[in-house]
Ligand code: 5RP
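In structure tokens, the next block holds one chain alone, the form predicted on its own.
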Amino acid sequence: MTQDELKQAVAREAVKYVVPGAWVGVGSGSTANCFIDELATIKGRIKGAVSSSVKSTERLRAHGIEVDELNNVDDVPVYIDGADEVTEHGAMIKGGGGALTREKIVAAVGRKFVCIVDASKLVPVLGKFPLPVEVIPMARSYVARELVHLGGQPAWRMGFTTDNGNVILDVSGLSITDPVALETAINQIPGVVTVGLFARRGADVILLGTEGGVRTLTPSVR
């Protein structure tokens, strides 16, 4: 199976976690796009979606799915999104597409986080994929120096602005053995909006696309 076919397989499986008559939290990126396309096949059974990016909102509305602002929604039973890397414990690196802040907010509201990925995204230790950090523009250089002190090698994602009007530093050279501690440390740097470590609130379910079919992992350690 191709990587796209694996993404489509986990997207079809993820639809089973959608709660009828409720709002669905929807992530962003290529795998989330596959889920949006699958969600369109049951759009008559849901109230609508809460989206984590402008691009996802546009795709949802193109399918005729109602999208509302999170401020207007008091309950999101499930949030479904992909990841750039994920461990068997449910910790993730997200933000390769730049929507990490809104993704983290909607994930925090969702009562269940279902992570949909192909098998290549499952890793024993996070950090091979550069860790995205969303930063207030005036703090970019300062935050970069602080990230160096933490052992990282930050690079400015030049020419890219988030949906929130901020910049992103992609941090390579990290071996993230304690993702909760690093998430906390980076979030405390003045000027950081969000770090793309999803460990304090990780995945509750991981749907893993493999050649042998979709595997379901239920992380027991956060």
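Just count from 1 along the sequence shown to find any residue number. All figures in this text were calculated on a predicted structure; none of them were measured in a lab.
What comes next is about the form predicted together with the named molecule, which does not appear here.
Though the partner is left out of this view, Asp84 does reach within 4.5 Å of the named molecule in the predicted bound form, counting heavy atoms only.
For the chain shown alone, Leu131 is not a contact residue for the named molecule in the predicted bound form, no non-hydrogen atom being within 4.5 angstroms. For the chain shown alone, Ser51 is not a contact residue for the named molecule in the predicted bound form, no non-hydrogen atom being within 4.5 angstroms. At a distance threshold of 4.5 angstroms between non-hydrogen atoms, Val114 is out of contact with the named molecule in the predicted bound form. The partner is not drawn, yet in the predicted bound form one stretch among 148-156, 104-112, 135-143, 74-82 has residues with heavy atoms inside 4.5 Å of the named molecule: 74-82.
For a residue to qualify, one of its non-hydrogen atoms must sit within 4.5 Å of the named molecule in the predicted bound form; none of Ala91, Thr184 and Gly202 qualifies. When the named molecule is considered in the predicted bound form, only one residue from Asn164, Ser172, Ser30, Thr41 comes within 4.5 Å through any heavy atom, namely Ser30. Contacts between stretch 107-130 and the named molecule, counted in the predicted bound form as any heavy atom lying within 4.5 Å, involve Lys121 alone.
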